[in-house]
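Just one chain follows, in the form predicted on its own, and it is written as structure tokens.
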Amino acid sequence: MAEWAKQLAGIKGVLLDISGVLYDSGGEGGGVPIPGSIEAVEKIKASGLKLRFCTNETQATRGKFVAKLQRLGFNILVNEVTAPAPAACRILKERNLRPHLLVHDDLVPEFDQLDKANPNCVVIGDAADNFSYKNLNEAFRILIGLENPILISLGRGRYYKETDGLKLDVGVYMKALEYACDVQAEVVGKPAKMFFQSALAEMEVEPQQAIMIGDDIVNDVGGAQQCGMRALQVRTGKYRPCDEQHPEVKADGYVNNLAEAVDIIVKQLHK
């Protein structure tokens, strides 16, 4: 038995990353499920464990993203997904902020209810091909012109995996704007503590009663552990062997894929 499996007493909830854990994004159909992951989600739901999907996905609205996953065969609902854009909208409304958006075209509808005239902050997400020099420079000019510049970043990942290979993520461009404007971004999404706390609150589960499963050693595993959760890293998605020797973050366990992790968790649950 895996060592981490011996520490599962009291587990009531499972948090799952999506990209790199459930599926690899990209390609004509929008992605390819990782073998065994569709069945693993069903197994969690049948076990009685509470389930929450935690994603830093910002290339589509939450509704469109979930619809794509449903087409791929996943049993997933919009209200089961914690994502950065809805959380960012709540923050913007509470603070009367008017955002300049540097995001993917397909994410823009999430911000339809907000005043975007005369922006007093910049929101940056995984804009993909919208990360042109022109668009980055426009965001820079707005930030540098503000007396109190506010940069809100929907995650801070360095890269992620699609079907055709690794892709630069939002964190790279966030760092460029931070450096140019001498400002520190407010991160909404993993690994921010508030993001994980929000997911736990929605599940009505305490941190010590939950386990996170992700492919990102820093944002998934490290972020969850900082919240008091246990966390596993899957050897799919963006995982690289050197992650297991990370100088600052060590997962509670490493598994080949989601299916393996869920098999062990469910078996322990019924002991």
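Numbers for residues come from their place in the sequence shown, where the first is 1. Keep in mind that what you see is a predicted model, and the values were worked out from it rather than measured.
Not on display, but discussed next: the form predicted together with another copy of the chain.
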| property | result |
| --- | --- |
| Residue (of L114, V172, V78, A87) lying close to another copy of the chain in the predicted complex, criterion heavy atoms within 4.5 Å | V172 |
| Heavy atom within 4.5 Å of another copy of the chain in the predicted complex - residue from V108, I91, A180, L72 | A180 |
| 4.5 Å heavy atom contact, F196 to another copy of the chain in the predicted complex | no |
| Partner contact for R240 in the predicted complex: another copy of the chain, 4.5 angstroms, heavy atom | yes |
| Heavy atom of L136 within 4.5 Å of another copy of the chain in the predicted complex | yes |
| Partner contact for S132 in the predicted complex: another copy of the chain, 4.5 angstroms, heavy atom | yes |
| Residue stretch of 93-101, 196-204, 124-132, 78-86 approaching another copy of the chain in the predicted complex, non-hydrogen atom distance within 4.5 Å | 124-132 |
| Sequence-ordered residues of 190-221 touching another copy of the chain in the predicted complex, heavy atom within 4.5 Å | none |
